[in-house]
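Single chain ahead, by itself, as structure tokens, in the form predicted alone.
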């Protein structure tokens, strides 16, 4: 089984620097690039796309809620039309930079609270999926195999890549625990957890229980305090376990 390795990138903004994108690009196969609403700006978007091209990494759009101060991790009450239009706006902007670099946009992955809303509310999932289809029907949608988003995407004809999360906790119901800041994690423990998710399809929750989980792409966040050490450890263990680390083909 091939395993894709994706990470959220391009989250710096103006004079504010987030993460170490160049160090991350050496290890991942797909980059989810912030589109300016929750993080990133036009120049950062352009530079992140160029970096992905340099390292042969597939580029995806990472649209979020219009919430720079809260990094897109706070709940917002938007209409379905606003969600759709904000998605089209952000994905379209990144696609322009991708095509200017001579590449093709690979996927779309909602960010933060928008991602959670898509899991929990069918109408939000439909608005997001319709926006992706309106921009480019060939794009993949990256999402968890839980809640409304996956089934809605498949029913609407989108290609779906299901994700496993290396550095986020799952609650007792299998939902992601989304916080405004990510805690420090031990690289070896994160890597072992990823291998177990991939190999056995199981993960331990915050309740201490185990749940079944399924996916072919592993996500790691670049704003975790020791993320550079974690990304290297996870890539090493995936390859050691015999999993080809490659992105889904366009």
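What we label the rigid core is the largest C-alpha set whose atoms superpose within 1.5 Å from one form to the other. Numbering follows the first chain given and starts at 1. Since this is a predicted model, take the numbers as computed values, not measurements.
Missing here is the form predicted in complex with a further copy of the same chain; even so, the following discussion is about that form.
> I'd like to check something about residue 11: if you look in the predicted complex, is any of its heavy atoms closer than or equal to 4.5 Å to a heavy atom of a further copy of the same chain?
Flag for residue 11 set to yes.
> Please determine whether residue 47 contacts a further copy of the same chain in the predicted complex, using a 4.5 Å cut-off between heavy atoms.
Flag for residue 47 set to yes.
> Look up in the predicted complex whether residue 173 has a non-hydrogen atom within 4.5 angstroms of a further copy of the same chain, and give yes or no.
No, residue 173 sits far enough from a further copy of the same chain in the predicted complex that none of its heavy atoms falls within 4.5 Å.
> Are any of the heavy atoms in residue 39 no more than 4.5 Å from a heavy atom of a further copy of the same chain in the predicted complex?
Residue 39 belongs to the contact set for a further copy of the same chain.
> Of 123, 154, 85, 169, which one comes within 4.5 Å of a further copy of the same chain in the predicted complex, counting heavy atoms only?
Of 123, 154, 85, 169, the residue with a heavy atom within 4.5 Å of a further copy of the same chain in the predicted complex is 85.
> Quick check: do 216, 246 and 250 each get a heavy atom within 4.5 Å of a further copy of the same chain in the predicted complex?
No, because 216, 246 and 250 lack any heavy atom that approaches a further copy of the same chain to within 4.5 Å in the predicted complex.
> Out of 155-163, 74-82, 140-148, 115-123, where are the residues with a heavy atom within 4.5 Å of a further copy of the same chain in the predicted complex?
Heavy-atom contact with the partner occurs in 74-82.
> Can you tell me which bits of 86-109 touch a further copy of the same chain in the predicted complex, meaning any heavy atom within 4.5 Å?
Residues within 4.5 Å: 86, 88, 89, 92, 93, 95, 96, 97, 99, 100.
> Aligning on the rigid core, do we see the C-alpha of residue 223 shift 2 angstroms or more between this form and the one not shown?
Superposed on the core, residue 223 moves its C-alpha 2 Å or more between this form and the one not shown.
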